[in-house]
Ligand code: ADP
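Next comes just one chain, in structure tokens: the form predicted alone.
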Amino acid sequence: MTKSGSAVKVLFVTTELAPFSKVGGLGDVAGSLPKALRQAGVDVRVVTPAWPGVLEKVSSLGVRTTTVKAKVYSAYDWRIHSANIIKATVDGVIIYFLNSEDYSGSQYPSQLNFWTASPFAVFCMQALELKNAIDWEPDIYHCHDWTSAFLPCALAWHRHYRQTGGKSIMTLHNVAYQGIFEPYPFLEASGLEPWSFNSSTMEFYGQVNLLKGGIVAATAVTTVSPTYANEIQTYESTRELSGILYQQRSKLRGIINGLDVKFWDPNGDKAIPAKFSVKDLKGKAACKKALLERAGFDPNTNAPVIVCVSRLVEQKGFDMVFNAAGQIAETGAKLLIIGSGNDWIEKGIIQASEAYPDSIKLFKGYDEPLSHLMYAGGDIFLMPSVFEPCGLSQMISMRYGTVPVVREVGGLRDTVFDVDRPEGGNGFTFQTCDVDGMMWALRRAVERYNNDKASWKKFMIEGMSEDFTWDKSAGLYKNLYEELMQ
């Protein structure tokens, strides 16, 4: 509550929003956390760009919209940028989609420079100006990753906005992406004071680093798991940025992500052929059979099915997976992977599937219904990440009774606990970032699945019984908001 006793007003400033413009975990969080915050008593709203196809997606999902009479304006690069405001309400949360030619390009440009970074600066300033068009002024701007990091920078160093005294929170979903580009002509065009570009603020080896600036300028900084909050302060994790994060540690805290448990629910999921729950697991066998048929494998096999649902990028450790293809095949398990990403990783997995066609299958690309079937039909979920800020896939897999095998890093360490601990656990974990470590954990999982069905059922129930709702984390965010209002 604010000093006046009213609810804290928070504006989520995000360039991704599930289910309308989701690319990764940021979109999931931005789509589900505001709902939990609203239930916790926070007056939260969301502003996001209407990227190409977004408004069509809104319409296709049957979401009603209205156009706000007033437009929102911002001054950037010596001209006025305007956007129409399309208002929608989803699960009680008000969303403002900003519709403008500024957002007609790529949601994540392949190359970052002044021109491709400009839409994100324009968006942040329009978020700051939104209050003038909607007659609602936030107490706190809650920003997410480098794409909205310009907003805290503007509140700290912009010739106009630094006079407003606004408060901001910077949430780091993945510090690997920082928004780095050449400073000319950005500094002059953006309206930032010249002294905002130095080694203590947003300058980074002669370039602009928007995420660094946002971390320094924000009133508070959060990241998406307690372990990741500690890891990013080390050089091994974030290299040259680690020093800034260590300096800013007094305002840094880790709050684990949650799930939209109504969406990820095996007992109500319309994308899977049979429903099941922690009290009645029978439907999971039907899901496994359907998945094996989809993959072209024997649907009646007794072999464990290992699944991966992921972007095929270096962060996710897939070089370990295709380098271990022969060893995985020797276990007798079936490995099914769905995703797309780096060419060299895709080629490595394709070559592995060609070498072991009876054991390994790649579903290339993004297929939402198939991903649900993978979670529901798998026995083991493999997630050998090099680093993992939080991770949602391991939580989803446990919701669907698919036992995770993960590396002890970031949010994986905070959510998956090895079953061979004295106190028990909900998955299989390993520490070393190599094939030997991964296969040590994976072989234990396959052996336990094959030879100890009673224990395996216990592991499944343990995972399905975990509380992955947003309730606890939303309460921690609410506490943070209220602290900042004191």
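Each residue number is its position in the shown sequence, starting from 1. Here the structure is a predicted model, which is why all the values come from computation and not from measurement.
The form predicted together with the named molecule exists for this protein as well; it is not shown, and the discussion that follows is about that form.
*Asks:* With the partner removed from view, which of 335-343, 88-96, 149-157, 268-276 is the stretch that lies within 4.5 Å of the named molecule in the predicted bound form, judged by heavy atom distances?
*Replies:* Careful reading of the contacts points to 335-343.
*Asks:* Quick one: does W136 come within 4.5 Å of the named molecule in the predicted bound form, counting heavy atoms only?
*Replies:* Contact check for W136: no, nothing within 4.5 Å of the named molecule in the predicted bound form.
*Asks:* Under a 4.5 Å heavy atom criterion, is L26 part of the interface with the named molecule in the predicted bound form?
*Replies:* Yes - in the predicted bound form, heavy atoms of L26 and the named molecule come within 4.5 Å of each other.
*Asks:* So in the predicted bound form, does S242 come within 4.5 Å of the named molecule, heavy atom to heavy atom?
*Replies:* Outside the cut-off, so no.
*Asks:* Find out whether any non-hydrogen atom of W264 is located within 4.5 angstroms of the named molecule in the predicted bound form, and reply yes or no.
*Replies:* Yes, contact at 4.5 Å.
*Asks:* Identify which of C143, I232, C124, V309 has a heavy atom within 4.5 Å of the named molecule in the predicted bound form; exactly one of them does.
*Replies:* Going through each option in turn, the one that passes is V309.
*Asks:* Identify, from the list S353, Q315, N84, T116, the residue with a heavy atom within 4.5 Å of the named molecule in the predicted bound form.
*Replies:* The residue from S353, Q315, N84, T116 that makes the contact is Q315.
*Asks:* Given a 4.5 Å distance limit between heavy atoms, list every residue of 362-394 close to the named molecule in the predicted bound form, or none if there are none.
*Replies:* In sequence order, G365, Y366, D367, E368, S371, Y375, M383, E388, G391, L392, S393 come within 4.5 Å of the partner.
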